[in-house]
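Below you will find one chain, with nothing else, as structure tokens; this is the form predicted alone, and questions on how it binds or moves follow later.
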């Protein structure tokens, strides 16, 4: 059993990670940690996440110097479910000790001069690790994930969007010069656990945000190898993402070529499901799956992708990455085989 330390265990994603690791056949929890000054330090994990009462009876420990030393010596791998700047600062220390790090923040996802200054509001100090990090889109980057010490788990919107678009781009079916358009809606849990006016029950309404400046647009474009238009929306539901993707096809592309592109990409992949009908969030909420379906009118293709933002969009994809990295079944701890 490999011992996994979770830093940022008080949040929604950290809690999902704790539950998945607890039920994993090859992993065990090496500690649940929060920032040293957190008001949640020393609280029982289940006081914040009562659904795990009687199952994960561990305290939330402050990440002080003693805790960091303990992780260095006792953990086999580290999961960072922390803010981008925090992951940026913490990851290199664990990596220097030889520990594999699975970072669920955006701190190591996109190399490029000035990218983090523009889209994340801080200057990246670790270009060497940024260059060496594997992008953890599990169905597409298995070899890189196996080989890397640092795995940057993709964002939730990029996971839904790239899962829909990469088969088409890989098969060369997208019209030259055309920019795919992604209109996606996320549940409120995507904003995190901290209370704010924007995620208050009485204030939440279906609305666009991050118009032309959302940080996931360049992440999607970089890892697709093609510029996209991306518009996210906040939905008045708890969890899940539904992405509707509009793609202009090259002239002469057949229905068979489209189907072949998706089947070649995902046949045998148990997490991404070619649904055969238009996906909805209720089909995937609380599961590790990504459901896809498409339809066309002439050269216009519409692809719909549905995921759980906290699972396939974060925690369960991190578990996929651990499984791939360690040589376990890719779905260990996620699907009963």
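Bear in mind the structure is a predicted one, so any value in this text is a computation, not a measurement. Positions refer to the first chain, counted from 1.
The protein also exists as the form predicted in complex with a small molecule; that form is not presented, and the subsequent description refers to it.
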| property | result |
| --- | --- |
| Output flag, 138, 162 and 331 jointly within 4.5 Å of the small molecule in the predicted bound form, heavy atom basis | no |
| Proximity of residue 194 to the small molecule in the predicted bound form, heavy atoms at 4.5 Å | yes |
| Any non-hydrogen atom of residue 316 within 4.5 angstroms of the small molecule in the predicted bound form | no |
| Residue 5 within 4.5 Å of the small molecule in the predicted bound form, heavy atoms | no |
| Residue 190 within 4.5 Å of the small molecule in the predicted bound form, heavy atoms | yes |
| One residue of 171, 175, 86, 229 in contact with the small molecule, assessed in the predicted bound form (non-hydrogen atom, 4.5 angstroms) | 86 |
| Proximity to the small molecule in the predicted bound form (heavy atom, within 4.5 Å), stretch among 266 to 274, 285 to 293, 51 to 59, 304 to 312 | 304 to 312 |
